[in-house]
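Before any questions on binding or motion, here is one chain by itself as structure tokens, the form predicted alone.
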Amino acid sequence: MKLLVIAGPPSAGKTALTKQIVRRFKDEMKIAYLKIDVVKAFEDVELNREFDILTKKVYSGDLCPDHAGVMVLGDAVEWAERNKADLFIVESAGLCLRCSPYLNQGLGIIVLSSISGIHAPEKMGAMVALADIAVVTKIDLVSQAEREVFIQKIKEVHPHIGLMETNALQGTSLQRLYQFIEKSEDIDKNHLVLKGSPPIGTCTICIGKKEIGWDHHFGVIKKLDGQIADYLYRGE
């Protein structure tokens, strides 16, 4: 199974890009989709209704959404594999710029809006620096000069990142992205870890423990299908 982790600030165009990817591969691969958010999300309903793919969402509640993503991703990968998915797309909430949801396998895609300001890539730190691919959206709303400056700022943060520009609603100029996805290797779920170290804090994720899945962590945990009672302290 191939894995895509799509991150980026709110309203950058993550879901619009996801729809283009699903539209391109839905006839070739069985696709599963997970949306991680904080309070409310409708993307899973939209994608299921429009493309009839397998979808799921999870709310982080009191946890940081990226930390919740680490907790549930082990279960989520197993869920996608049980349903015989060929391509598993995970869309993050995109709220924390210090955390980075990318893994050591699959593709990490950062979606950046060209109207977010020329210094935005520098402010995002690990979310840009650890991504494999940057997709710049809303390019029809800025001048050519602004686009070039924005691209240069991304390259200063991550010189070797794969870069492409698009109007995500129309899906223009995404052929290179599709090629990256086609050539990406299948994941080994038993060796999934975060690419980067999360910020220092009090839970086991915050102090740098990188294993994927709630069963590897202590403190306040969250399961993929957990109810309120699952927001419990695990450990002494």
Partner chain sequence: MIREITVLPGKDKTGSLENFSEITLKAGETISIVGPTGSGKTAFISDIELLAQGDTSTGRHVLINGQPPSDELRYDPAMKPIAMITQNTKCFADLTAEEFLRIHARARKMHDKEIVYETIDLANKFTGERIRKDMKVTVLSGGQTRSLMIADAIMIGAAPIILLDEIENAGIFKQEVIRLIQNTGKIVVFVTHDPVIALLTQKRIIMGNGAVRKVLSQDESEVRAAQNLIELDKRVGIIREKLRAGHVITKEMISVNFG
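Just so we're clear, the structure is a prediction, and the values are computed from it rather than from any experiment. Positions refer to the first chain, counted from 1.
Beyond the structure shown, there is the form predicted together with its partner chain, which is absent from this document and is the topic of what follows.
- Checking Ile115, Ile133, Ala129, Ala120 for any heavy atom within 4.5 Å of its partner chain in the predicted complex turns up a single hit: Ile115.
- Segments offered: 22 to 30, 59 to 67, 171 to 179, 42 to 50. Contacting its partner chain in the predicted complex at heavy atom distances within 4.5 Å is 171 to 179.
- Although the partner is absent here, Asp140 sits close enough that one of its heavy atoms falls within 4.5 Å of its partner chain in the predicted complex.
- Although the partner is absent from this view, Lys153 contacts its partner chain in the predicted complex, with a non-hydrogen atom inside 4.5 angstroms.
- Taking the partner from the other structure, its partner chain in the predicted complex has a heavy atom within 4.5 Å of a heavy atom of Glu148.
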